[in-house]
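Encoded as structure tokens, the following chain is the form predicted alone, with no partner shown.
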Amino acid sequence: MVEWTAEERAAIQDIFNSLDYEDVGPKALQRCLIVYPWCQRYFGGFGNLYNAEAILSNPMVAAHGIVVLHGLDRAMKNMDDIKQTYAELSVLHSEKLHVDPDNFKLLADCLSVVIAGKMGTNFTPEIQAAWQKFLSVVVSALGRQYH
């Protein structure tokens, strides 16, 4: 089990409280699909993903980015048992969707870039450390079924 300090919990809660899910979620997934184009293979049913312009204007990508961010919200609300919270999602991504677990880290990194851009100087090293710890636990939980 991961130990969270009161400061880490507060920092993560503050990030979620400030998020515009309809803005940040799509931007994070769009960034991931553009910067790491091999991730596109998991979104074959999303239509045209042939270039950055197509990805940025794809409503299915935007909608799934929002879904992903709301999924992270579940982890924030269950910080003391993220692995159990994500058990079904881990099975889904492993056994049905066959997602390479390294892609979870790539998306987490893209999300961090987008959030840092939104928060600016408020994304202090201490806030970033708490956020990265949170995302590491989420990525581990999502990859749990693979081990």
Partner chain sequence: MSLTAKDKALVKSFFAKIAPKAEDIGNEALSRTLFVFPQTKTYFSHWKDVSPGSAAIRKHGLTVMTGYMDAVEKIDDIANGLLTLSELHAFTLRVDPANFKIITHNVLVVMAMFYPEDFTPEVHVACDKFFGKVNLALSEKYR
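Residue numbers count along the first chain shown, from 1. All values reported here derive from a predicted model rather than from experimental measurement.
This protein has a second form, the form predicted together with the partner chain, left out of what is shown; the following refers to that one.
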*F123 within 4.5 Å of the partner chain in the model of the complex, heavy atoms*: yes
*Do D100 and the partner chain share at least one heavy atom pair within 4.5 Å in the model of the complex?*
no
*asked:* I'd like to know whether W38 contacts the partner chain in the model of the complex, with contact meaning heavy atoms within 4.5 angstroms.
replied: yes
*Evaluate E53 for contact with the partner chain in the model of the complex, applying a 4.5 angstroms cut-off between non-hydrogen atoms, and reply yes or no.*
yes
_Taking 4.5 angstroms as the heavy atom distance cut-off, pick the stretch from 75-83, 41-49, 26-34, 57-65 that is near the partner chain in the model of the complex._
26-34
